Ligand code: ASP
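Taking the form predicted alone, here's one chain by itself in structure tokens.
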Amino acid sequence: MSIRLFSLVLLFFSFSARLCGQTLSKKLNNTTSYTIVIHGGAGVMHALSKDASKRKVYKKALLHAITIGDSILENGGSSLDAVEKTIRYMEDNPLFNAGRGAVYSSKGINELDASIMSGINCKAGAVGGVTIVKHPISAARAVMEKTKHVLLVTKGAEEFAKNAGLEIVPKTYFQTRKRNSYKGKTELDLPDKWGTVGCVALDKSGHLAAGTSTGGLSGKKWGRIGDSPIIGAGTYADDKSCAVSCTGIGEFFIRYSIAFDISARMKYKHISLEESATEVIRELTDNKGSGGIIAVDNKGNFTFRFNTPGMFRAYSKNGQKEVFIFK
């Protein structure tokens, strides 16, 4: 090798080392920063607005949920773990329309949907219409990690969950709401209504994740699937942009690909997360849809946007927590 060529090679490796050092330094500077945001459903909450003691109960539950995810992220855990564990708690809490708190379908049963997505490689998993899986969000993660598929539904999803070693419970486990108050009624018949739980997170490694779980609409037709298990509609995560979880009347979120649309506007229009979410919810409103979103971008910026009277929500940014219900 000539002296000149050797010098060029040396210069190249020296320059590369400096670049790698800058990249490493940037990542190291990012290792103390994390963000997690949750929602417990958006909707109409007339009774809750007049009952301070009940609001206190919901806020306590939201704070407990956000603390679970915050603890995982603060200790260097992954955004995917934080999302799953946080949602599992909300699925176990009958205050929320997911898991044990799920509303009834027109058949008088609880049909559960959930999805989860990793921003690292846009891998995702989801289940729909399950009736015996204790934690649908964990079933969704198992679909993502143990199959080549994205969405499994009803009996197939339940059989998969059993074989994957997930906890199976009798259908009666989910019947915590007063059956007579909900059976046979549609969403329009209920004075107060809200649905779905969700979580988005950015971990210390700079990776995003999103998850959503729901009991769906009250009085929904047997076999109805909403937006929560539909990637791009109710859930989306991409490390290049943001992570999103949605809540509301799912049919509108499916038609307008709400979760993906927020990410796409950021990437293609080069606008901020806040601007993108604001545009999307404005268009949802213009099209007579109702609901809301939570989202966090790859820099840790986050937003809640909704067009309903209230949305259960909370966030923690590097340990600083806040909880909200109304606007």
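Each residue number is its position in the shown sequence, starting from 1. Since this is a predicted model, take the numbers as computed values, not measurements.
Omitted here: the form predicted together with the ligand. The next part is about that form.
Note on the interface: of 201 to 209, 141 to 149, 114 to 122, 216 to 224, the segment with non-hydrogen atoms within 4.5 angstroms of the ligand in the predicted bound form is 216 to 224. For the residues Ala161, Ile249, Leu80, Leu73, the 4.5 Å heavy atom test against the ligand in the predicted bound form is passed only by Ile249. The ligand in the predicted bound form is approached by Ser228, whose closest heavy atom lies within 4.5 angstroms of it. Among residues of the shown chain, Thr196 is one whose heavy atoms approach the ligand to within 4.5 Å in the predicted bound form.
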